[in-house]
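A single chain, nothing else alongside it, follows as structure tokens in the form predicted alone.
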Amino acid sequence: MSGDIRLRREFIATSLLLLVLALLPLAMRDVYWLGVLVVSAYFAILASSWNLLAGFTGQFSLAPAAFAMIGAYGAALSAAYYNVPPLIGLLIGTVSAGLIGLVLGRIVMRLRGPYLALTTLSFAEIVRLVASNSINITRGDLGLPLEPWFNDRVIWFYVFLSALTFVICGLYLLLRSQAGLFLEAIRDDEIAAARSGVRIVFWKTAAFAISSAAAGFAGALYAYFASLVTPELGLVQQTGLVVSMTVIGGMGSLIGPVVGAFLVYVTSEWLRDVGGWQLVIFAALVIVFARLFRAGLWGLVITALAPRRKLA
């Protein structure tokens, strides 16, 4: 199956999944679980943004939660000090994360493997500590309060689902373009891509900046939903959750991060009563999928359907 056909089928499958998700609030009235769906959609945007970098470009960053926090603080600070309207705050958070991602990408995208992971992990921790200790500006661990757009969680779910749809469509168009071919060439064989004339550092930096902007967009939107921005948004554990969602759902596919985000977060809330064991369970699942099922749940679905296609 060619890459274009595969990508088109994944886009159709993702569209159908988003349509099914859009029907969930019609059968659900519990406010708590509606909130869980909203946060799941937030993580689906984060996981999709990280998947562009790790799944389609082959660059393993450990800073998606940090860029979400940058986007959240961009929106919160602009609202607190300049009283900007929500849509402008959302734009400021997205652009702030994208610009910082562009600068950082120019520095770190010459690194590979563990060096890239450790550098982005250090950056993420620095950002969190700066937010935590800049008490006069960010109020530290007390957090910055933010006026919500509205309080209806059904509306919030559709806002986040629309944002997720926007991100998925953007990624689909990007990956179908010549830029997408360059990114996948870098992922598959960086040396061969360079010999073919692909500008390696340029395209890796571009992917890093786009991924950062998408994460910042998710963070800024979440800030208005939560009505409070704290440094906890950038904890390393949040990045670990994003990575596990992508790996379990299916890295390198459009639909995988969406499936993984909703499945992992909803299940984690369902297992909340077991305490810390939920972390052990998901850590074990990540190991199993990374070792035995590298295509994730989406890959298992494709494998299960393959014999039926042959018989047809």
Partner chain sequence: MLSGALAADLAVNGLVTGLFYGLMAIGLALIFGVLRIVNFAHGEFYMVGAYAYTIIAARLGVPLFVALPSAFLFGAALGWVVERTLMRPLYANIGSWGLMRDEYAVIVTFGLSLLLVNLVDKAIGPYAFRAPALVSASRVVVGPALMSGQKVAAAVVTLAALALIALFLRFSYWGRAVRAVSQNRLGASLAGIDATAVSSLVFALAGGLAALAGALLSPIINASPDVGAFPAIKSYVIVVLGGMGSIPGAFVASLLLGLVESFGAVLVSYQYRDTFGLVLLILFLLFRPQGLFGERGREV
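Positions refer to the first chain, counted from 1. Predicted model only: the values in this text are computed from it and were never measured.
As for the form predicted in complex with its partner chain, it is not shown, yet the points below apply to it.
Stretch 109-117 is the contacting one of 69-77, 226-234, 168-176, 109-117, since its residues have non-hydrogen atoms within 4.5 Å of its partner chain in the model of the complex. With the partner removed from view, the residue among V201, L102, L181, L129 that has a non-hydrogen atom within 4.5 Å of its partner chain in the model of the complex turns out to be L129.
Only one of A22, V301, A290, I12 comes within 4.5 Å of its partner chain in the model of the complex through a heavy atom, and that residue is A290. Proximity to its partner chain in the model of the complex holds for all of I135, S244 and V280, with the criterion being a heavy atom within 4.5 Å.
Of the heavy atoms in F123, some are within 4.5 Å of its partner chain in the model of the complex. Looking at V31, you'd find every heavy atom of it more than 4.5 angstroms from its partner chain in the model of the complex. Interface residue remark: L62 is counted as part of the site for its partner chain in the model of the complex, having a heavy atom within 4.5 Å. For A261, no non-hydrogen atom is located within 4.5 Å of its partner chain in the model of the complex, even though that partner is not displayed. Counting a residue when any of its non-hydrogen atoms is within 4.5 Å of its partner chain in the model of the complex, the one hit in 166-189 is D188.
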